[in-house]
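As structure tokens, one chain now follows by itself in the form predicted alone.
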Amino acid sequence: MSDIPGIVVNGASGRMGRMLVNLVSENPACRLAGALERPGHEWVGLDVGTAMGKPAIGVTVTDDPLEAMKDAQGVIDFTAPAATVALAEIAAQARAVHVIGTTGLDEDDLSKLEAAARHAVIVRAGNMSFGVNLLTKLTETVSKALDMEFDIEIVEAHHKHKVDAPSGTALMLGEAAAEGRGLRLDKVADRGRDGITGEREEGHIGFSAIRGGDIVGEHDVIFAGPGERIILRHVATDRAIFGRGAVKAALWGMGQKPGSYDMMDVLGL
């Protein structure tokens, strides 16, 4: 076993998966310990480098999480809720850091992740970007400073292949805005208005989602008050920002006690 910490990439064939395979392989602080795919996937049994159309790198894609995790200290997971929850139990048994960028998790999924976090480190965030997490902190600060005369709207845009809305990042920003006002987001969120909706309720936080083309990710937090607006904005132009954040989170988590963490913890915000 190498002294360099090993990281497994779950969903290796996906857009984020391929990006993460490259980032982990190229980072001198870690090594690619495994590449996971779902049973029956055409990549299973192939060298992950070869499957990506590149030279072989000595890591075979497997559909067996136990096999992939046997020589790993961490796993990075940008897949689907069911796959993420199933992997969390195995990562916890292996005492491996589980970095989760999966969105669309429901309350039942989150409760299962909390159970796994009693035995190992889980770092979960709606967005792994350093910039977005700074934006989240700023959103909470501005929300706390302004009174209810300022309406809060969150507008997000992503590529046409994204399957969930609002995005995990938009919800993360909404949580920060609600927390700044001492509110629970689930009590004040307005999503996807359509038809005769009536006047906007004071204190509510609105969400709008745009899907199209190859937009990597854009998020605006709008504070609209009488006579003025404050707009906080983050634009992602390269998906690698999410991967770099995830790798940083995995390495950071290897020095922590079991529990649930987020990128604010990783960045010390």
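Residues carry their position along the shown sequence, with the first being 1. What you are looking at is a predicted structure, and each value in this text was computed from that prediction instead of being measured.
There is another form of this protein, the form predicted in complex with a small molecule, and it is not shown here; the text below is about that form.
In the predicted bound form, Gln73 touching the small molecule (heavy atom, 4.5 Å): It does not: once the small molecule is placed as it appears in the predicted bound form, Gln73 has no heavy atom within 4.5 Å of it.
Can any non-hydrogen atom of Ala125 be found within 4.5 angstroms of the small molecule in the predicted bound form? Yes, contact at 4.5 Å.
Indicate whether the small molecule has at least one heavy atom within 4.5 Å of a heavy atom of Thr102 in the predicted bound form. Within the cut-off, so yes.
So in the predicted bound form, does Phe242 come within 4.5 Å of the small molecule, heavy atom to heavy atom? It does: once the small molecule is placed as it appears in the predicted bound form, Phe242 has a heavy atom within 4.5 Å of it.
Please determine, with the chain shown alone, which of 139-147, 157-165, 111-119, 181-189 has non-hydrogen atoms within 4.5 Å of the small molecule in the predicted bound form. Correct option: 157-165.
Contact test, all of Arg38, His41 and Phe78, partner the small molecule in the predicted bound form, heavy atom 4.5 Å: Yes: each residue has a heavy atom within 4.5 Å of the partner.
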